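Next comes just one chain, in structure tokens: the form predicted on its own.
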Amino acid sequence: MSKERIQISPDLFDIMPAEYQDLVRRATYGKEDRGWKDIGMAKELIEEHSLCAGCPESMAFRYILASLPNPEDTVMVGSTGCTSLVFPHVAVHNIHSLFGNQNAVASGLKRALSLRFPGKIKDVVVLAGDGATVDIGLDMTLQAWFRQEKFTTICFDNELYANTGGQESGMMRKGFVAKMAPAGKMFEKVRLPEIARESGCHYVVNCTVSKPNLVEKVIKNAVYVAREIGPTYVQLYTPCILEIGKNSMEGLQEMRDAERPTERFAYKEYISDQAKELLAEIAAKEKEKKAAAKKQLAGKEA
């Protein structure tokens, strides 16, 4: 979806819904330096959502959407869960897959887009919860990585099945007691970031979404690497504050507690040698561009 595609005929502009007019006027499509700071101003970055009040997933969704480097030519693939409640509210192409097969759908989609639009950048990003990514969809998640499919997989890890009552998931931490897991988790949390690395992912990050600038950097890196080299994986802690017994305003602190150096969501990053070279090239070009812009500005002031 580009600004060219959503233009309104001048003769019809005044009768179009106000929200559509605003989308045309203020969408960030085509903006090179778009990022999390556009949240609150850009129409396509979720003004309202149907998630619970204070839900960390709503924060993560906004940061991710704002960080996509090529939103007008990006297709997101979602799955059954809380995330599927948000996709209808965003102005980015998306597909709702069956529970767990999102990576299989994304594989076919990415290949089809490459054939249909040769020479044009078309990014595919999977976004699903821990149940769809690890428990029900693990086979298709791993097989996409084994095949070196060029798209990014993002997991919203709330460590249980939040959308259906709080059942135990493979991502739940050991010993945790949930409403529908009264005996507590009997085994350790599945270490999917390590599995992703061992399964061929070229860029892997495990973190929370407490820092928007960090999320922006991670998402952009993941998309760039997937576009050029191969699969990437980002695991974000998005706690279900209701199911873990927190109040609506306590989500941010819960994430901050979980990202301490000795905790399970302390920042971890793996970058393959190929990905390191690519990201270094991108960083060098960005540095040159900023230097040129600074020089141009100094020239104008003089």
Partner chain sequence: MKTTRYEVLPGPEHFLPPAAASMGIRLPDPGQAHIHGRIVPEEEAMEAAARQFLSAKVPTIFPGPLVLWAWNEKAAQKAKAVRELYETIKECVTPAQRPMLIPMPDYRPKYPKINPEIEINPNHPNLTIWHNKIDTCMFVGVHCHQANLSLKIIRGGTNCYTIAMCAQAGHEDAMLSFRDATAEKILRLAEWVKKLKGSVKPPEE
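Treat the numbers as computed from the prediction; the structure is a model and nothing was measured. Between two forms, the rigid core is the largest collection of C-alphas that superpose within 1.5 Å. Residue numbers count along the first chain shown, from 1.
This protein has a second form, the form predicted together with the partner chain, left out of what is shown; the following refers to that one.
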property	result
Partner proximity in the predicted complex: Ala178 to the partner chain, non-hydrogen atom cutoff 4.5 Å	no
Contact test in the predicted complex: Met16 vs the partner chain, heavy atoms, 4.5 Å	yes
Close approach of Val215 to the partner chain in the predicted complex, 4.5 Å, heavy atom	no
Val24: touches the partner chain in the predicted complex, heavy atom cutoff 4.5 angstroms	yes
Interface stretch in the predicted complex with the partner chain - options 148-156, 97-105, 228-236, 83-91, non-hydrogen atom within 4.5 Å	83-91
Ala293 C-alpha shift between this form and the one not shown of 2 Å or more, rigid core reference	no
Core-aligned C-alpha movement of Ile15 between this form and the one not shown, 2 Å or more	yes
